[in-house]
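One chain is shown next in structure tokens, namely the form predicted on its own.
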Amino acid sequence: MADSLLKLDGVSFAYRGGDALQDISFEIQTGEFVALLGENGAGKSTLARICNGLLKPTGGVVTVGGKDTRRVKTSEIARDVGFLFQNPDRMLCQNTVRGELMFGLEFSSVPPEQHAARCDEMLSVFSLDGERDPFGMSRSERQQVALASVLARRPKLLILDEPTTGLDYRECMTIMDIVSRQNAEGAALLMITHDMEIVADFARRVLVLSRGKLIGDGDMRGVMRDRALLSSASLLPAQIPDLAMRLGGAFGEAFTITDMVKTVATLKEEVRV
């Protein structure tokens, strides 16, 4: 049976202006890839910060690796949970890329004798120049430096807040391929995104948040099929999976996305002829 890395039980959170989260309950297990969806203002970023201990719940209980986040330091939670902010500039503070990665490792549970090797590994994975100044790099490059700093610690749970915002397709795929490899190696992922195509391509489970309430929790295909659920959170399904599912309705449930792609390719060839 899978191990529970993160568990929320009846979690609520309130700012001075009112409730941001209400009675949220779910678990994330080792190796899961979970997308968190919702309209702007739904409470997604607040929920992410609840999950990594930056915010403490005003009601209910959050446990990370079995530890109640209200009773342990955020630095202790960070040993198991990596967090990527939507804005990478909120994470960067050193004058070189190498310095940035080493700085993050200094405040981790990674043994000091492994720091240099971990740093070199991430520089290679992201094809980064360790001597460059992060603040002179493009936004995409800064995003990669921030993510490399997080992944160097090899967290058991990785929380990504809009990791592909502002990136072109190639840059987006670079980020997603790297985090997918981490997931394949056992890390659990919780990803906030508005990109439904990314959800369809990578996520296996989807949480849907609306007005501070968890209104949906299911496998990716099931959630994408539920147009009423998506509509209630002001979301539209990803175009290609949606087309496949519509064709499935016409040709039978066995009609898959792969079948749809083949059908489209055939139609294109007929048009050429």
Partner chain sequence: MTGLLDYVQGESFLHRLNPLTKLVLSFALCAAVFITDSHLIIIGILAAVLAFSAAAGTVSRSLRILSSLGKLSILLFIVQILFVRDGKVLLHLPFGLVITDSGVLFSLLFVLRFMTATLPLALMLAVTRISDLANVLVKSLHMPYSYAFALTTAIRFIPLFAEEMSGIMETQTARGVEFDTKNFFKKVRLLLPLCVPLLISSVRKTEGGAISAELRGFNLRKRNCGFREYPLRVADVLAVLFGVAVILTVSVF
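The structure presented is a predicted model; accordingly, all values stated were derived computationally and were not measured. Residue numbers count along the first chain shown, from 1.
Form predicted in complex with the partner chain: not shown, discussed below.
Trainee: May I ask you to check whether N52 falls inside a 4.5 Å heavy atom distance of the partner chain in the predicted complex?
Mentor: Flag for N52 set to yes.
Trainee: Using a 4.5 Å heavy atom cut-off, state whether C93 contacts the partner chain in the predicted complex.
Mentor: Contact with the partner chain, yes.
Trainee: Closest heavy atom of R79 to the partner chain in the predicted complex, within 4.5 Å or not?
Mentor: Answer yes; at least one heavy atom of R79 falls within 4.5 Å of the partner chain in the predicted complex.
Trainee: So in the predicted complex, is the partner chain close enough to P163 to count as touching (4.5 Å, heavy atoms)?
Mentor: Although the partner chain is absent here, P163 would stay clear of it in the predicted complex, with no heavy atoms inside 4.5 Å.
Trainee: Which residue, E106, E131, E185, D177, is the contact with the partner chain in the predicted complex, using a 4.5 Å heavy atom cutoff?
Mentor: If I apply the 4.5 Å criterion carefully, the residue I get is E106.
Trainee: Scan 185 to 223 and write down, in order along the chain, each residue with a heavy atom lying within 4.5 Å of the partner chain in the predicted complex.
Mentor: If the 4.5 Å heavy-atom criterion is applied to the partner chain in the predicted complex, 185 to 223 yields nothing.
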